[in-house]
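Below sits a lone chain in structure tokens, taken as the form predicted alone.
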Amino acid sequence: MMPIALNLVLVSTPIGHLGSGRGGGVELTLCSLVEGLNAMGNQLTVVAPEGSVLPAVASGVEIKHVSGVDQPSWQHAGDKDPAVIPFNGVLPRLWEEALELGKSADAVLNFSYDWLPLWLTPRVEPSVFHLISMGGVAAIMNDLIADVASWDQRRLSFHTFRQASDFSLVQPPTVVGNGFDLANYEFQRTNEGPLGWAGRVAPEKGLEDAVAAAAALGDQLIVWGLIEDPGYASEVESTVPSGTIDWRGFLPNEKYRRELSQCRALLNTPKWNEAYGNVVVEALACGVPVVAFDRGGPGEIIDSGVTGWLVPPDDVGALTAACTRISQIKRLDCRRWAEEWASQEVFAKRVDAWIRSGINSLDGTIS
């Protein structure tokens, strides 16, 4: 017998509207989950900044647009930085709308990595759940996540165990991974093609190491993603011969996936504890092996020697050497991993089960 459908309110990131690219992997995660939960028969309402667009296949899903100034990302905050809300900020307006809708919903699911929804969780009537999208980057966020865990850890889930290890939890974490509509990713059998790199172009993504490896091989590196820090991008480009980097920018999803599938390998070089690594899974879904630093989520996702190669963090020499062993990886094994562990259906079922397990609130006290 099918379980009773859930009525859920999903709250998007306040960093930018859906489709802007400013929300990074959170945008892809939210849109994929909207499709997956909707296909399961759940009733969904998405609350998102003005200008946001949902996938065309998410028929019947209502979106509530909220105006306001984008919230600064904790990605670039210092460990002791205070919480801030800009004048006319969109963050509190998103949550005014979400909590009102949440009064008649089963749960509110938060995709925003910010202090306000965490602080609100034990203080409001609607049941608020959080899919934590980043590792530990600031003391105030770490403390708030620990407080919610002490009150009722069922309200928290994480993408990987490595990400969850950044936080003080009272019991083993709920890990839901991630997943995408694999029908959108065309499997390519060819072992030829260029090297690729994808992500926001910002210092914490470590593009300079991938570029250095490509230059050492006399290869060109295709780079996809929003150039968040133009100064950093220029500095990286100045370190290698002209033409080493082929800047493709932030492309429409279909065009990006088609180009990605033509690569012989994707390089992944995070300088911080990446929560998951969406681009890693997107590459594997196309059959593209991944060569990555053994750090954060990618180090948990990649089966070294089977779906790619893991090398010591920040070791450009090892990264370069691993690129010469790409032909040893069977591209079909990459695709099979994605089908087993990172499909949209599997991801939606994990999230649905997590919310159902915590739908009844527990009496708790903030630590």
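Small disclaimer: the values here were computed from a predicted structure and weren't measured. Start at 1 with the first residue shown and count on from there.
The discussion below concerns the form predicted in complex with uridine-5'-diphosphate, not included here.
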- Message: Looking at 236-244, 274-282, 83-91, 136-144, which stretch has residues with any non-hydrogen atom within 4.5 Å of uridine-5'-diphosphate in the predicted bound form?
- Response: 274-282
- Task: Check each of P126, G225, P270, G179 and return the one that places a heavy atom within 4.5 angstroms of uridine-5'-diphosphate in the predicted bound form.
- Result: G225
- Task: Find the only residue in Q220, N191, Q75, S165 having a heavy atom within 4.5 Å of uridine-5'-diphosphate in the predicted bound form.
- Result: Q75
- Query: At the 4.5 Å heavy atom threshold, is N253 in contact with uridine-5'-diphosphate in the predicted bound form?
  - Reply: yes
- Query: Is R295 close enough to touch uridine-5'-diphosphate in the predicted bound form, meaning at least one heavy atom pair within 4.5 Å?
  - Reply: no
- Query: Can any non-hydrogen atom of V69 be found within 4.5 angstroms of uridine-5'-diphosphate in the predicted bound form?
  - Reply: no
- Does M40 reach uridine-5'-diphosphate in the predicted bound form if we count a contact as any heavy atom within 4.5 Å? no
- Query: For 171-201: residues with a non-hydrogen atom within 4.5 angstroms of uridine-5'-diphosphate in the predicted bound form?
  - Reply: R200
